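Single chain ahead, by itself, as structure tokens, in the form predicted alone.
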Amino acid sequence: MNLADRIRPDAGRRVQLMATCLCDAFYDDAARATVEVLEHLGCTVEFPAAQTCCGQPAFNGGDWPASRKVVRHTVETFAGDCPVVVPSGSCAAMMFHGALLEFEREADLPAVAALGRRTWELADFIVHGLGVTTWPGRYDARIAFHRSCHGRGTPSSAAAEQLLGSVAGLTLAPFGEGEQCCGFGGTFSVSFPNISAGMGELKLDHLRAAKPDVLVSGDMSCLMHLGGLAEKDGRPVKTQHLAQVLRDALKNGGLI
């Protein structure tokens, strides 16, 4: 799918929020922060209550029939023509490329492809969907931003760093092997736990060398993996989703 062809918000800026499974299970504040950020930007946020999963876990595990079923449900749940905003590069990528599942019924393909054209990862939507390139407020911290693997080939990571770099008081801390995977990889971490943990620990070594106050990412799965490894090692790191940093910057600036 050509990301340049995606549907942008209309004058009313009505959007649908896909909160993701990790928001639902562990990171409810990241979903709340996403809503607060979008509303600050003048968006009307709709939350389809029947939403479940994007279908990626089954897809990555090789269970394509189960993944197709979940994708069909997602297409039905997010019916309409307004943009779908996702606070996760991983889930957004799945929705971009859902048509790769090779649905047996050709009638499914147009709707799946149409949902992909309406889907935006949060930072990408703010910068390229709404045209907002600087962020107001204040956030006094040294931040290490982790670029997730699923953001590769999309404008999401660059958009996130552009927003973060514009916040008063915030310093972006570069670190070694910034493009290196955190090691989570969804079902990869279950199938190959030792390799997964080794990759995560290498990533943490580079991050710690940069001495950040906060580790930030647009993907909660990466934060969960790295944060969990750090806590297990007895050297916890503070983690926040991008939406939480943007929301907190607005609060610190008295803007919400």
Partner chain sequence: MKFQQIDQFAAHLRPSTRAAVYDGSKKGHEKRTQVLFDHYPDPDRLRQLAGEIKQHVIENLDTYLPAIEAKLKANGVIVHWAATAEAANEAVLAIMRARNATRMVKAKTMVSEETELAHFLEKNGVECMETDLGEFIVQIDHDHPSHIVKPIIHKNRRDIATSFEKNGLGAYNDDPQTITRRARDFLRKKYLVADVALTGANFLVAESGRLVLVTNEGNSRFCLAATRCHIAMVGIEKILPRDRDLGLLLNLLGRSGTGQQLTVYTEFITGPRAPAQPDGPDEMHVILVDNGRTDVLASDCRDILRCIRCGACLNVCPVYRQASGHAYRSVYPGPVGAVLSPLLMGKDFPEKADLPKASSLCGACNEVCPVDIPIPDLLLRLREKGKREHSAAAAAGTPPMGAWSLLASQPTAWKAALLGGRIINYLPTKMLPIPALRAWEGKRSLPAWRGGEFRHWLKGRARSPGAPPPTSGGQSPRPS
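Numbering follows the first chain given and starts at 1. No experiment lies behind these values; they were computed from the predicted model shown.
Absent from the display: the form predicted in complex with its partner chain. The rest refers to it.
In the predicted complex, every residue of the candidate spot (Asp29, Phe188 and His206) has a heavy atom lying within 4.5 Å of its partner chain.
With the partner omitted from this view, the residue of Leu41, Leu202, Ala210, Val214 that lies near its partner chain in the predicted complex is Leu202 [heavy atom within 4.5 Å]. Of the stretches 118 to 126, 137 to 145, 157 to 165, 174 to 182, only 174 to 182 has residues with a heavy atom within 4.5 Å of its partner chain in the predicted complex.
Using a 4.5 angstroms threshold between heavy atoms, Cys149 counts as touching its partner chain in the predicted complex. Taking non-hydrogen atoms only, Lys232 approaches its partner chain to within 4.5 angstroms in the predicted complex.
Heavy atoms of Leu17 reach within 4.5 Å of its partner chain in the predicted complex, making it an interface residue. In the predicted complex, Asp10 stays away from its partner chain, with no heavy atom inside 4.5 Å. Residues Phe47, Ala49, Ala50, Gln51, Thr52, Cys53, Gly55, Pro57, Ala58, Phe59, Asn60, Gly61, Gly62, Asp63, Trp64, Ala66, Lys69, Val70, His73 are the ones in 45 to 80 with at least one heavy atom within 4.5 Å of its partner chain in the predicted complex, listed in sequence order.
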